[in-house]
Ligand SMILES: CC(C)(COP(=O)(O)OP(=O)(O)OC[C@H]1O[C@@H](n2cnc3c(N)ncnc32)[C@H](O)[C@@H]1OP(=O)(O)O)[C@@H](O)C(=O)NCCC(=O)NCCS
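There is one chain below, alone, in structure tokens, taken in the form predicted on its own.
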């Protein structure tokens, strides 16, 4: 009989063996899941690793990492989901669906508001998950880039940038981000979590005021995803300095192109790029689906944001059930209404001036 439960700390090696088999070694790839996701596949996180077991053998897995979102200074309880898999010998029995619903029920009971999921599989779509967020992908090259001379700045480029405290200071100034501790930052940077096939290390570029290596203005973190093309995994800081660092990759680091994915809420960086005549491609957040797991706690957490952005004469509606149309009763439409920022259906005033509320970038160092 199949048992559905949380993993035990002593079972983490078996869990990693299963996810490596499904996502790596069965396709002839290096078994890197444990190394790339050390904050997930560890004994301390075992209670948030959900498994199905058949006579003690782990046959399916869903990994959760709880990450508090910081959105315009307000905390939103979130979870990131990944490594969703079932051993090939047990597929087609509904085990993955049962395990997924168990996780959703658990997150609801514990008042975790929203979960972002790595992937867009039919399994998620059949269970009320939708594509959300919104981004613009820009490709910079030497022909399109204007090399601005920003005075009083210098930069450092390294594959082993040691002073991650400087990076953390920059990241903590972001208006939309995950709550990331100083201790967690170097672990995530070293793990290279969202790059596959894996690279030995991510490249970090940091912009400083001249002579002030103790205080950074901005950073870019990424890798050469194909010869001569640098893909940015995460950026933070002053947007002109982010633009300037991208130019240093083209000007001095031997790159012919830079791929920069910009969330649509980042109007400043998009404006800089647009002013240079660089056109981007709009899309949802890449390979990500979103599901609300507790409506009440979510509304309680985002209501202060709604209040701050409200333009009506009176106070905004007090309950999530007062949102327009039928969105409250349809979980997929509610998720789209609150968070979808691409190809969005208009809901009219004042709603379109408030929503979508941005979700933290899911494909940076906190990627699951």
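Numbering follows the first chain given and starts at 1. In this text the structure is predicted, and so the values were computed from the model without any measurement.
Keep in mind the form predicted together with the named molecule is missing from the figure; the text below concerns it.
This chain lacks the partner; the member of 230, 124, 244, 219 within 4.5 angstroms of the named molecule in the predicted bound form by a non-hydrogen atom is 124. For the options 135, 84, 140, 290, the one in contact with the named molecule in the predicted bound form, meaning a heavy atom within 4.5 Å, is 84. Residue contact with the named molecule in the predicted bound form: residue 92 places a heavy atom within 4.5 Å of it. Proximity of residue 160 to the named molecule in the predicted bound form falls outside the 4.5 Å heavy atom cutoff. By the criterion of a heavy atom within 4.5 Å, residue 97 is counted among the residues contacting the named molecule in the predicted bound form. The closest heavy atom approach of residue 16 to the named molecule in the predicted bound form falls outside 4.5 Å. Contact with the named molecule, judged by heavy atoms within 4.5 Å in the predicted bound form, is confined among 207-215, 180-188, 161-169, 115-123 to 115-123. Residues from 16-30 that approach the named molecule in the predicted bound form with a non-hydrogen atom closer than or equal to 4.5 Å are 22, 23, in the order they occur in the chain.
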